[in-house]
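Given as structure tokens, the chain that follows is alone and in the form predicted alone.
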Amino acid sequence: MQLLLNALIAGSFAALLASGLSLVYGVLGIFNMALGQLALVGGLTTWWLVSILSLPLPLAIAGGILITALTTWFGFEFFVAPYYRRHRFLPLVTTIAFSMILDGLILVIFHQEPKTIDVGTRTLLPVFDALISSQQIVLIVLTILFLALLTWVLVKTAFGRRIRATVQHPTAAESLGIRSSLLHRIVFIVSGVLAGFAGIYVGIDQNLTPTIGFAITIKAYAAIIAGGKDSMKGTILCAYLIALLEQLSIGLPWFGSYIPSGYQSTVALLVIILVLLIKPQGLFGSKTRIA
């Protein structure tokens, strides 16, 4: 039971990040490889506002999200906007460069020491034969509600219809008065905000270190590959599935011994390889016809 709860906790964080990656790919047709670093910006900024400036947690979270949104907007204007209309693979290179710049700045500003966002006393609650903290329950519930709200906005609102129109036929959408460039900026910033929430999630539940940016980006990338690049629901579901596989890989004995926790991060890479070999379009993706 403890492994299932751990998977639910880790999967909620990964689902936030993966949904942002899926949103950007679905609308702009590109991958933002700096999402892990944007998550660190949100988490570490919130930590700084709580621990150094002693701001209340809700105000610190708002400040962390604001800084993440501004950083994401800057990244779009200088590392995505000049390139993504020329070739879909150019932003892959430029966002990697953006992630490396953020890595360097994060190391200079926050140093290498692990940091945890202080939320006060942690109360452990029994769930059958397992334990979960009240903060973790709140984080899981808020993540599910947030992802449900995002899905509702994309499916049921006028803004979501504009997004789908832009994805299906950008030229026709422009002729109907939909400003695709503004829409692309909004979607990109929303993905950064999702990453910022994910970073705050990790900072509250675990530790934030400046070196985890690339690793958590790979987990999100594995979820979108496994779920299908054109299926956000599949991406979210596979984020939880990959988290469960990670917990089972190190939490259960295999052939009489346990796998060291350091190998946990390789599960996402194995998922990418297996899905690309067996079903390249993803478990929930649709096949693309090739003429």
Partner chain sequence: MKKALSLLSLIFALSACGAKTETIRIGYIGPLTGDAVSYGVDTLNGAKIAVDEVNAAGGVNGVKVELIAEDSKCNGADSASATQKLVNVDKVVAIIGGQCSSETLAAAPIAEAGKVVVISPISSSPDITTAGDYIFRVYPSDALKGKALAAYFLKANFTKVAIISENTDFCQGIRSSVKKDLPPGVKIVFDENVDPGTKDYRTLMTRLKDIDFDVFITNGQSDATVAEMAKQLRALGMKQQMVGTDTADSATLGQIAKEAVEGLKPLSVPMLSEADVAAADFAKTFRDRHGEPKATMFFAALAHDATRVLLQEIGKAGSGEALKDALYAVKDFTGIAGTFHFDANGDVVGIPLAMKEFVNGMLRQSEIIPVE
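Remember, it's a predicted structure, so these values are computed and weren't measured experimentally. Residue numbers count along the first chain shown, from 1.
Below, we turn to the form predicted together with the partner chain, even though it does not appear here.
Engineer: 151, 154 and 159 - do all three of these have some heavy atom no more than 4.5 Å from the partner chain in the model of the complex?
Structural biologist: Zero of three within 4.5 Å in the model of the complex.
Engineer: Can you check whether residue 118 is within 4.5 Å of the partner chain in the model of the complex, heavy atom basis?
Structural biologist: Within the cut-off, so yes.
Engineer: Can you tell me if residue 231 lies within 4.5 angstroms of the partner chain in the model of the complex, counting non-hydrogen atoms only?
Structural biologist: No - in the model of the complex, heavy atoms of residue 231 and the partner chain never come within 4.5 Å of each other.
Engineer: According to a 4.5 angstroms non-hydrogen atom cut-off, is residue 182 in contact with the partner chain in the model of the complex?
Structural biologist: Flag for residue 182 set to no.
Engineer: Although the partner chain is absent from this view, report whether residue 275 comes within 4.5 Å of it in the model of the complex, heavy atoms only.
Structural biologist: Residue 275: no, not in contact with the partner chain in the model of the complex.
Engineer: Of the residues 140, 212, 193, 106, which one places a heavy atom within 4.5 Å of the partner chain in the model of the complex?
Structural biologist: In short, 212.
Engineer: Determine which one of 231-239, 54-62, 261-269, 28-36 lies within 4.5 Å of the partner chain in the model of the complex, judging by heavy atom distances; exactly one does.
Structural biologist: Looking at the other structure, the answer is 261-269.
Engineer: For the heavy atom contacts within 4.5 Å of the partner chain in the model of the complex, list the residues of 134-168 involved, in sequence order.
Structural biologist: Heavy-atom contacts within 4.5 Å come from 136 alone.
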